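Below sits a lone chain in structure tokens, taken as the form predicted on its own.
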Amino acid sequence: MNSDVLIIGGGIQGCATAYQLAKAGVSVTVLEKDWVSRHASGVNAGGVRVLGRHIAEVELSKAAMQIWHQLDDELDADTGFRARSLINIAADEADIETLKKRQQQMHQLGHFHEKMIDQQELRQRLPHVADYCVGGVVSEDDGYAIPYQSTLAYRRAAERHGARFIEGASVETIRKVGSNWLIKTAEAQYEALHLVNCAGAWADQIAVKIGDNVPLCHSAPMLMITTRMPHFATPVVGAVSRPLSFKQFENGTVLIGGGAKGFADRENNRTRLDYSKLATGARNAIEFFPIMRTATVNRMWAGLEAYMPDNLPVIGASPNADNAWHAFGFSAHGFQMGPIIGKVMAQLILNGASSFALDAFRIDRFERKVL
């Protein structure tokens, strides 16, 4: 099967890239070794945030946020996006000093979306927050979406424009034949001029087949969700210096994260929970919101996620092969950036350049430079 572009990986980055290319009239095939949204893109916390981004990501994240606010209309689908604001809570004065330094840095760079709030305003926005909390920072446009719905919406929109999705297609070999890429799975052979690696926790294996080495690791970030509770928190909540990711949905259930990692078995496509770390996450939630003592945990899970040493993704061209591109390693904060990554990858493939600065995301940024 031939196409202009072949994308490996059916997460939100791959699906958004397929959508942007197919919308531009490019023939696209997406190969997914399991099924679309099976791993990180389908089981993450669904945070849609600009708040607290690494400086290198801020411009991309802000552009993605603009898309999120119109995305349901663009994709003619319900992504579950809700703009609820995001507050990172300051537990003490040391957190306040951290926020002041961050705000000064952001203002110097021309970014004003992060607004500090005092204790009184924190309590107005979060009446059930613990008494000891002294303030925080808010980003008003932030919120959440439903990961599986969002990724599936991109897939369906891409298919309406002619993109093909092949599930259960694990890549076995990749090689260059003339100017084209030849990709083989157990069942079929595919050929394309451009190859895009969006393979998530398996992206280093695909990169090696292309000719690029990358120090990727993988892990299993865990989440838990409660049964329904009376409504007590509208904003999405994080913390300045403690592991907390917390949101209450419209149906009353509360999702608790915070980055605690379980056990990842990439070879066998499995994860296993670390219940002691989940218990710590539950205690953190209670410390910030004493009302959570009454909560009942309904379900717990973990997904396979790719991490880079600096927690920044790989975005851009292969340095060692023509017409090969990478978008992976989002280190548990890539869901929100999916819409803009799709546009960036389409720009790179169609125009050979992006309107965003991507130097910080080079795949070879960890390689030793020969003088």
Partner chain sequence: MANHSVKPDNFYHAATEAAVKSYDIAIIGAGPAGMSAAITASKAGASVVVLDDKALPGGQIYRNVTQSPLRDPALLGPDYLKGQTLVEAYQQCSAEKLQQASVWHLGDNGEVLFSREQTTHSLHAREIILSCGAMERPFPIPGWHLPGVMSAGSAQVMLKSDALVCDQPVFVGSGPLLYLIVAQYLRLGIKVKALIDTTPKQNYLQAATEITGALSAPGMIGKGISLLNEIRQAGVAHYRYARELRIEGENQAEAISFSSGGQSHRIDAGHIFLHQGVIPNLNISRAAGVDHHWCPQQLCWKPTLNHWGQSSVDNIAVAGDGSGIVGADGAALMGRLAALQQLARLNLIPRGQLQQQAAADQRQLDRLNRFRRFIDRLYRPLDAHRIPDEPDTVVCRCEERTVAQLQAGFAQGGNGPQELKGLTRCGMGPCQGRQCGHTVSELLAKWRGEPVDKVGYYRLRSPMRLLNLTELSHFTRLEPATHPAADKGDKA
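Positions refer to the first chain, counted from 1. Predicted, not measured: the structure shown is a model, and the values here were computed from it.
As for the form predicted together with its partner chain, it is not shown, yet the points below apply to it.
- Taking non-hydrogen atoms only, D274 approaches its partner chain to within 4.5 angstroms in the predicted bound form.
- Contact annotation for Y148: at least one heavy atom lies within 4.5 Å of its partner chain in the predicted bound form.
- Of the heavy atoms in Q119, none are within 4.5 Å of its partner chain in the predicted bound form.
- Its partner chain in the predicted bound form comes within 4.5 Å of a heavy atom belonging to A279.
- Within 4.5 Å of its partner chain in the predicted bound form, a heavy atom is found for all three of L152, R156 and V297.
- Interface residue among A64, A346, A306, A302 relative to its partner chain in the predicted bound form, by the heavy atom within 4.5 Å criterion: A302.
- Only one of the listed residues (R53, K33, R38, H333) places a non-hydrogen atom within 4.5 angstroms of its partner chain in the predicted bound form, and that residue is R38.
- Partner proximity in the predicted bound form, defined as non-hydrogen atoms within 4.5 angstroms of its partner chain, places exactly one of 219 to 227, 194 to 202, 120 to 128, 172 to 180 at the interface: 219 to 227.
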